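Next comes just one chain, in structure tokens: the form predicted alone.
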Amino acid sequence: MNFHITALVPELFFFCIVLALMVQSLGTKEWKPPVERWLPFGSCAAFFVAITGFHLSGSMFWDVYKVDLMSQFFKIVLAFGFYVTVLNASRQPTLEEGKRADYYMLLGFSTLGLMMLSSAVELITIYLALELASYSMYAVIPLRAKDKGAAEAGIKYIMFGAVATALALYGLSYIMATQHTTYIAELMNKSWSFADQPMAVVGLSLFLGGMFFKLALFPFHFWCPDVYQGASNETAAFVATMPKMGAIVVLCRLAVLLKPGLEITTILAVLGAASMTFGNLSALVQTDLKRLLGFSSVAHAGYIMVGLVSGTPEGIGAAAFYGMAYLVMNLLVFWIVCRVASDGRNLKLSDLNGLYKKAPVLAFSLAAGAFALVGLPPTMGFMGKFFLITSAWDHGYNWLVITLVVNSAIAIYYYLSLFRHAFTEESEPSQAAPPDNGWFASAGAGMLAAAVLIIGMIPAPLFNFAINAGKTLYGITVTMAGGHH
């Protein structure tokens, strides 16, 4: 068994954090030091460890686990997402005091599973890593004091998750029976035409269904708005971003099997178009802010399909870059949601009225997040969509690119309604708690908004990283400073 411990430093560091959280969660009531005193520093250190490990490479555990540019790109994104999630949840008002260590431990386990998913290059390993990430989510979603909606959201997530898992396993059995291997590298050399291998195509479609559930792609999205609405604001921020990164990295790895013109590629393109259109049209009529963001995530899942169906390293790189942009943009908007709902309530659009007077930094940061999600320059959302469109054009799915552009125009209406409520509507006297306008809230919002704008204006370093990661999936040798691939 090949094993290189140095290539696993980011995962091992993260595992140590999760282990420390587990020990703390087992403590008695008399010994439970505040977890927020050390975890933000630990998660920040994990983020920097992930960055320093970007050049690591190696294949281990009988070649089912591969450390390459693609896995390291997503590990950096996941470590950043966990760091922001920890900061965001450190002031969660709807979490019981005795459950804080348990809460962070479950989030940590889920993130560790997603990191392992980033390096999994064999279908059974992908399934096991996905389950490790999912089981923690099943437990963490209902943790919202005594809110009945949270319990309902947890049950829905478990039920839909069980169906998606069953579909994925059923599809896996078809792939194993017809292609006689579960290694992605070997599956690349097999035929994926329906005329040659109909059962294999059906099996891969079902296996992909498990990933579509995590990504909330139409028609696997039914859980999404309800779970966002039922879970606490801080948990919804995690659910809306991190599991989707796991689904995107697996889809990027499996996209090397797809060639333009194949039946399964066309199915993905049609699902992408349907997801964009359904998500945007449904979001238009929402007044609950988290349901609006839930349906918008269905639309964004469709956008990512544009890059994946192109069948090129540039398309996969564009999908990976857009996934990262989606995580940062959503964490920014959810940060604002959590700070405005300082008592943990669900927000309506009208709750944003007059925000520019009560909390100007939050209002301007919300504007940056809304513009980025629409795809207006100079934000990273604009650059992400630009890369998706340019990478997919002239590869047989121009109609999908046009669908993306039309849907972006539809999305302007509801994203800019966030801006309209925050800046042009006057606030009305309300009994609700005022927004958290302290230095912590403003600093977090300001830094995330700055990231959205700076990466939008200088996207080249990260986009080149994503493109090189896409090239390695096609066996194209890429040399990076500090390592060789």
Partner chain sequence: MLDFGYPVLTILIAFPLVAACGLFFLRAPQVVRYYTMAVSLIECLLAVPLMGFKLNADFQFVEKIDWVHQWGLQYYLGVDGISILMVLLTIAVLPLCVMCSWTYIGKREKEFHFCLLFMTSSVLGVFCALDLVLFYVFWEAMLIPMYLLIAVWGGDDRKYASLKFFLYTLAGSTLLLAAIVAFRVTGGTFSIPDLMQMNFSFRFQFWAFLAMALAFAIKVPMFPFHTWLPAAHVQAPSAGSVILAAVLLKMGTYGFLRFCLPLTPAASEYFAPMMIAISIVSILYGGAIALGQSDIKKLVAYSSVGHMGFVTLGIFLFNQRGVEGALFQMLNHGIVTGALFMMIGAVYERSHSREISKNMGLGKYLPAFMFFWGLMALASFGFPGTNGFVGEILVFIGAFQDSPYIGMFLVPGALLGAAYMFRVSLKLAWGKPSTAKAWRDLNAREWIYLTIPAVFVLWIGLAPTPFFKIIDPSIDKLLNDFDKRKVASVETEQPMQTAAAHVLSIVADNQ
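From a predicted model like this one, the values you see are computed outputs, not experimental measurements. Positions refer to the first chain, counted from 1.
Note that the form predicted together with its partner chain isn't included here; everything after this is about it.
Of the residues 238, 220, 371, 397, just one reaches its partner chain in the predicted bound form with a heavy atom at 4.5 Å or closer; this is 371. A heavy atom within 4.5 Å of its partner chain in the predicted bound form is found for exactly one of 262, 389, 254, 273: 389.
Partner proximity in the predicted bound form, defined as non-hydrogen atoms within 4.5 angstroms of its partner chain, places exactly one of 100 to 108, 332 to 340, 136 to 144, 377 to 385 at the interface: 377 to 385. Taking non-hydrogen atoms only, residue 467 approaches its partner chain to within 4.5 angstroms in the predicted bound form. Proximity of residue 419 to its partner chain in the predicted bound form: non-hydrogen atoms within 4.5 Å are present. Proximity of residue 463 to its partner chain in the predicted bound form falls within the 4.5 Å heavy atom cutoff.
Its partner chain is not drawn, but in the predicted bound form it has no heavy atom within 4.5 Å of residue 63. In the predicted bound form, not one residue of 156 to 187 has a heavy atom within 4.5 Å of its partner chain.
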